[in-house]
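Below, in structure tokens: the form predicted alone, a single chain.
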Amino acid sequence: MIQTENLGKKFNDFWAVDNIQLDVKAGKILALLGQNGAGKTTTIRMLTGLLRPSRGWARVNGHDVVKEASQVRSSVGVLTEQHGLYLRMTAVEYLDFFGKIYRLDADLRKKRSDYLLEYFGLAEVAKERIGKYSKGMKQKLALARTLIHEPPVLLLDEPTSAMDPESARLVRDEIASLRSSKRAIVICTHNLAEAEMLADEIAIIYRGKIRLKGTLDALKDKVLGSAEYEVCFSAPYNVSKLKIPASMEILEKTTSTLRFRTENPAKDNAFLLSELSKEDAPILTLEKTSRTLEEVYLKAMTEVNREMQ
């Protein structure tokens, strides 16, 4: 649904985006992460045909972003950080206006508008001017506009920005439900927990280049090292007498916990459990320790900054 090859954009002598390689298949959600000014918005603008690449190419829903820009724009739903809402319009007028732009007939425009306004909790204020809306309400209306023509590709920039927790949860649920065999979604966000919940793949962009890309589990292993595990005991236990496989790296050893890293958990964990069982150890739990996208992102940024110095 989204393919790029050596995609780059140069402004004067500055490469805002350079050598972007993306391949987002239908049914997948990609989270594009990075600092302000890293190149996320420039990339999105090229994918919508609003900016002409300085080199490389991109295809969206099978259409070239330069040669078939109008077909590309018909295929995408874009939620930008600056919504561009027409504040003197009502929500009904606003969605109907954009439905006309996308050439939906009157019956379909009304059906889609009614559904989206109801879903996002705006039905009761649908005939009020948008200028009276709160920031969160405006965000929900902008997302409704993005979905009015049921596009096969969604490009969402900070989709839950300024929303209360309940509204943000509703929008995240909607994004997850929009994942289908016929749709691809790209989310640009600073909300790492949100990206972790939604994304099938993560791409971290820094100074115009994608520095890391892959599934969250793959990035955890690449950036943080092998998976970590922890044994907790229900009573004080001396673990010093246990046989520990040479392939296990002990990270912490106390009378209440044993934390370790291993590249072969199936073998090493089975061996460890066998040894603990022989010793009648008071095992409470043995589980994989939680590692978050935030840890991956912060460590990756630290390493990239160090390399760039």
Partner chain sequence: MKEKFLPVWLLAQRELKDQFRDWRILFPLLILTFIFPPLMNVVAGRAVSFAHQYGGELILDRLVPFSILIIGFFPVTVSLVVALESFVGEKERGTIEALLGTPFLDWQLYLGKFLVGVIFPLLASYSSIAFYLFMVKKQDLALPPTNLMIELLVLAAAHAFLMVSGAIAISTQSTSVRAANLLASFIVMPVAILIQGESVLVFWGNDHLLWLAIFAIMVMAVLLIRVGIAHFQREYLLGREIDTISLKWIWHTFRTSFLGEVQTPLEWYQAQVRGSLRKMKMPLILLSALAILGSIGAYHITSALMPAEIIERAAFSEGEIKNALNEFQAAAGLPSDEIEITFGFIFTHNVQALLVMFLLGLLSFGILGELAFVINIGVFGALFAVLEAFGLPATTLFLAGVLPHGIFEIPAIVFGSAGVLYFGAVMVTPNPSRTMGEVFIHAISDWLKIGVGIVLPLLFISALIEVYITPKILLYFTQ
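Bear in mind that the values here come from a model prediction, so they are computed numbers and not experimental data. Positions refer to the first chain, counted from 1.
A second form of this protein, the form predicted in complex with its partner chain, is not displayed here; the remarks below concern that form.
Chemist: Taking its partner chain in the predicted bound form, would 80, 100 and 129 all count as contacting it (heavy atom within 4.5 Å)?
Modeler: Result yes, every residue of the spot touches its partner chain.
Chemist: Check each of 138, 172, 73, 207 and return the one that places a heavy atom within 4.5 angstroms of its partner chain in the predicted bound form.
Modeler: Selected residue: 73.
Chemist: Tell me, out of 251, 242, 26, 51, which residue has a non-hydrogen atom within 4.5 angstroms of its partner chain in the predicted bound form.
Modeler: Answer to the contact question: 51.
Chemist: When its partner chain is placed as it is in the predicted bound form, which of 90-98, 114-122, 222-230, 186-194 ends up with heavy atoms within 4.5 Å of it?
Modeler: Contact-bearing stretch, as computed: 90-98.
Chemist: Please check if residue 108 has a heavy atom lying within 4.5 Å of any heavy atom of its partner chain in the predicted bound form.
Modeler: Residue 108: no, not in contact with its partner chain in the predicted bound form.
Chemist: Looking at the partner-bound form in the predicted bound form, is residue 133 within 4.5 Å of its partner chain by any heavy atom?
Modeler: Flag for residue 133 set to no.
Chemist: Can you tell me if residue 178 lies within 4.5 angstroms of its partner chain in the predicted bound form, counting non-hydrogen atoms only?
Modeler: No, residue 178 is distant from the partner.
Chemist: Do residue 45 and its partner chain come within 4.5 Å of each other in the predicted bound form, heavy atoms counted?
Modeler: Yes, residue 45 is a contact residue.
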